[in-house]
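Here you get one chain, nothing else, as structure tokens; it is the form predicted on its own.
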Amino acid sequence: MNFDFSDEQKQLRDEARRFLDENCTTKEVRAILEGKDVYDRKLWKGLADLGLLGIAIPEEFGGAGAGRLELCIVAEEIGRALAPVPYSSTVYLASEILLRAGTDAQKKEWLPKIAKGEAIGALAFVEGPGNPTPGGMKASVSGGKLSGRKTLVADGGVADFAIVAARAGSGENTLSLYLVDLKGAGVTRANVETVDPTRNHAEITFANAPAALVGNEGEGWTLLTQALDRAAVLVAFEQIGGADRALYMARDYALDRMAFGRQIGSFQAIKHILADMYVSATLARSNAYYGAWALSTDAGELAEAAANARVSATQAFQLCAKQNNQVHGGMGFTWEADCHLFYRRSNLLALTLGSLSWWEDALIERMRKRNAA
């Protein structure tokens, strides 16, 4: 496959990078890390003003009406900047689910607000330790009222609404998706500490909270896995953005730092570390590009391409963030150095949408099905 972004899409990348370089320095990231706010509200508004929150939302709902390739480009720059905003949960997940399965009324109510930066969305599907399974979800809906508990909801503490996976009955095929106004009755939230406080997580308890069906009853697991596959490609772009920046941080430090009268980048051990980082990041980019093509064309290979992108990008970001620390030596493990910002984000994203092992198993199963076909 011969794939690349167009000149116009690359111009979008340049503009997004310029904006984030000016408005999302590590100083702003550290401010959120140190608890001065839950997310960067000024940056969130700036992204909305630039049209980057609604870039993939149709114009009829107040968005820019661009495609998924443009969203991939923005995702990479969000990852490169370590942007402390609820972008992935709102744009990759909540917005995409509404676009694909929401009613006209749900779309008209929430999508324009997302595009304007006036609403934050979340996807609530995890209920305990381990990877998600249909049988492991016990939250239920009866008479339009939702009860249950969801753990580790990304941006759940700041979200205005959530798409929640819950059962409509006691049968095996009753899992459905529901839209819940998190500022309404019957909702209790408690923030959860994670390795990266710049991305909010919360536990949400529902007690007869009003819930509106999204999609058809009983197709919750299908809609959920499709949403996770599509989001996996976009998160992969966030991860390669972070991996690339960690790689160049390490390279620049290796060129500047002197030891025994020489740049440490001239030492073979450092060269090998940087080479491994480069190879891993480049492989991840190749797989992410394949995923971008499949996502933008709704290709039949999307499920496999998404898992492949997810696995390779997770491995690349974790490797580059870890080795960036190593190249910086003792300095890299200090609070003053920025290395830990990337290390934190790499480990958080490794568990977003399900663990690495879950996606590895999914990739193997999807490859097996293709070969058996």
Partner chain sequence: MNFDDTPQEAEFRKLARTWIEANRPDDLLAVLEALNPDGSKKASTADIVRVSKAWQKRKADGGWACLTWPKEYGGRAATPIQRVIWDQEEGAYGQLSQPFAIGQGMCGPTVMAYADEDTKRRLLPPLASGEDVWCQLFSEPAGGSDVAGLRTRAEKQDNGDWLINGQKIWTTGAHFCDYGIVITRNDPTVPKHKGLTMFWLDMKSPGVEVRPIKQASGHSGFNEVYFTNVRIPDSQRLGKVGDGWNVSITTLMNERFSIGARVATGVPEFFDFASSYRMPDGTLAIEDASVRARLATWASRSNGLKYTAYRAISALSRGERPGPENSIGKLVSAPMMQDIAMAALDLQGPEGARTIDGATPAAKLYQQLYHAIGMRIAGGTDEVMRNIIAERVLGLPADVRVDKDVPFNKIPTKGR
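These numbers come from a predicted model, not from an experiment. Residue numbers count along the first chain shown, from 1.
Omitted from view is the form predicted in complex with the partner chain, to which the following refers.
A heavy atom within 4.5 Å of the partner chain in the predicted complex is found for exactly one of C24, L12, L363, A350: L363. Judged against the partner chain in the predicted complex with a 4.5 angstroms heavy atom cut-off, the residues L69, S266 and M367 are in contact without exception. Using a 4.5 angstroms threshold between heavy atoms, K183 stays clear of the partner chain in the predicted complex. Contact between R285 and the partner chain in the predicted complex is found at the 4.5 Å heavy atom cutoff. In the predicted complex, the partner chain lies farther than 4.5 Å from every heavy atom of A101. Interface membership of W221, defined by any non-hydrogen atom within 4.5 Å of the partner chain in the predicted complex, is ruled out.
The partner is not drawn, yet in the predicted complex one stretch among 40-48, 59-67, 309-317, 341-349 has residues with heavy atoms inside 4.5 Å of the partner chain: 309-317. In sequence order, R262, Q263, G265, S266, Q268, K271, H272, L274, A275, D276, Y278, V279, T282, L283 are the residues of 256-284 having a heavy atom within 4.5 Å of the partner chain in the predicted complex; the partner itself is omitted from this view.
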